[in-house]
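One chain follows as structure tokens, the form predicted on its own.
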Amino acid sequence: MAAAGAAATDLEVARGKRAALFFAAVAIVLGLPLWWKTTETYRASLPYSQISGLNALQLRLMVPVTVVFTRESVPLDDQEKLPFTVVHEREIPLKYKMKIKCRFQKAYRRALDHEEEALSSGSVQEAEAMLDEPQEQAEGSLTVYVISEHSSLLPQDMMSYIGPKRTAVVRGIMHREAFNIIGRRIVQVAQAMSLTEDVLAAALADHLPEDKWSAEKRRPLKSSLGYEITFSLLNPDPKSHDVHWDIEGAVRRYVQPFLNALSAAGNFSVDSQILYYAMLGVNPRFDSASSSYYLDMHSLPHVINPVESRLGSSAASLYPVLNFLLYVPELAHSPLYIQDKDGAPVATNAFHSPRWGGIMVYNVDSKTYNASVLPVRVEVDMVRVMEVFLAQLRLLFGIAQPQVPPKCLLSGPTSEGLMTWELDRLLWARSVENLATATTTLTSLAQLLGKISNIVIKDDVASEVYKAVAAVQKSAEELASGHLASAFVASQEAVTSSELAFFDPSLLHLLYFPDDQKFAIYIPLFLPMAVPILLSLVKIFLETHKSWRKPEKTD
């Protein structure tokens, strides 16, 4: 009877051991992997190596230049060597991690018959009209015509001419080093029409070290897919002034042609408004000598903030907003003038703020008050106003006057207010700026995701990262090939995709999920189950180890 009870006890002990081992095996083999898989942070793969390689990206900006030689522009021996191609390359000295090289590929050839006929005309304007071909030149390309040293096409004291389109004229020379001398002149003209150190420095102003040289370049707007332009009429004294302005007609005649010419750089929307009782917020000073009021240069920054609160245009805008304000001073502070740093009145009576817009003060003629009762009717001269606003608009987009070489004649402005090569120069700058922005964004995102392992990386985020990297590489290749239009489009895609990935809301879900919260969640779940299993395994181990060390009995 005792033997049977002992046998039953041993059987129950063996069964308990097997049950404990079974539960432990299920928990370790199935439970832990299943828990690990279902609770792990999903992180799609990213091209980290390609992103790190973008920091060492070398941009080669190739400008195709077709050089056309007329008869008697170079010695006859040199003309017999045509056609051939010469490449001039130099590195832009900027304090930036991305190396930028400018490459002018000059394709030399002889002039065709119709080109010879056009360049033998009486004036350069007639020659330009005759040289206009049905097919347009590609964006970023230039054509330079080399004329005779004694040609009357240009004034005798001028060595070169830059036209409104993608063409220029350079005087030739009868010299045994004619190609070298003319080549240097062509490079100077081509740089003025395309890429200069100042243009690229302004484009990369936000990415360059903080110093005085780069701070002066921070005036142009940052690159964007679109821009909103708001024209506002401020009438702080409607009891004295009944102001009328034909803003619709002015925008149609002056602003819209300029924006149409600039449409390749982004989308534009224009609106206008009239604000009554809108004050500048700065009390002007009275000048007894001239019986007028003035605002000095130091008080101008304090003018914008009080007015900006009344505009209300940038609060709900997805794109950068440019504000152009026409301010008619109240009767008590009329006339009102703006002074420069030397205390002299500004000729335009206007000023602009970088990346914000401009303000023009429009004084009412004092003779208007003599024969009229208040309020006097004021008709705004929109031609004078739009001349100022268009000049400010060019500066805010970084379209400044080029640094032309000595003895170079610059063509007058076109009806659109924008030369074709100025648009190309803007697209060069915007392409480089977009690539720098996309590269910085992708690098910051890769560093963030590499340091914080809790962040979820969804497939759509990874897809945008891959698109951005591919767009950066494509844009760099197109720039090196001289295809400016496609390079600019690819650079815009790179910025858009990189910012979509960087600002994706899913990246923030588990960003602030510390380890102590993990322990607070998992310990109540695993501790009640793990303690009995671990104690059983320890007991089994100790009993097994004790049975192995127990000596066997011998008869």
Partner chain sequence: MAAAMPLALPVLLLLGPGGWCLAEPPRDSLREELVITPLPSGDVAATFQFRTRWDSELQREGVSHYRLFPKALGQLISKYSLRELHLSFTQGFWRTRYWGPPFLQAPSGAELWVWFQDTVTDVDKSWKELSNVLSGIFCASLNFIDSTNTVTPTASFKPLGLANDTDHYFLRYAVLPREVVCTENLTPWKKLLPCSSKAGLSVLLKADRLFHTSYHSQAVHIRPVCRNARCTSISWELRQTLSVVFDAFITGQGKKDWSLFRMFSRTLTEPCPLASESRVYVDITTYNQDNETLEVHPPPTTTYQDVILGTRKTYAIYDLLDTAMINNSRNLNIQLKWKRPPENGYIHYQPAQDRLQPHLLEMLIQLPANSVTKVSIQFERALLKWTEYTPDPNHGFYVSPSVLSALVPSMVAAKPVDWEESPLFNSLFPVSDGSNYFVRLYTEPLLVNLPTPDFSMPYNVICLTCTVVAVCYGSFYNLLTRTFHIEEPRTGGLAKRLANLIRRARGVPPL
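Residue numbers count along the first chain shown, from 1. Just so we're clear, the structure is a prediction, and the values are computed from it rather than from any experiment.
Just so it is clear, the following notes concern the form predicted in complex with its partner chain, a form of the same protein that is not shown.
Although the partner is absent from the chain shown here, none of Pro93, Leu204 and Leu221 has a heavy atom within 4.5 Å of its partner chain in the model of the complex. Between the options Tyr227, Tyr108, Tyr293, Phe351, the residue in contact with its partner chain in the model of the complex by a heavy atom within 4.5 angstroms is Phe351. None of Val282, Leu82, Met382, Met158 but one reaches within 4.5 angstroms of its partner chain in the model of the complex through a heavy atom, and that residue is Met382. At the 4.5 Å threshold, heavy atoms of Phe324 stay clear of its partner chain in the model of the complex, well away from it. Its partner chain in the model of the complex is approached by Pro528, whose closest heavy atom lies within 4.5 angstroms of it.
None of the heavy atoms of Ala138 is located within 4.5 Å of its partner chain in the model of the complex. At a distance threshold of 4.5 angstroms between non-hydrogen atoms, Ala520 is in contact with its partner chain in the model of the complex.
Here the chain stands by itself, but in the model of the complex one stretch of 481-489, 122-130, 168-176, 391-399, 391-399, has heavy atoms within 4.5 Å of its partner chain. Within 4.5 angstroms of its partner chain in the model of the complex, the stretch 407-424 places a non-hydrogen atom from each of Pro413, Ser415, Gly417, taken in sequence order.
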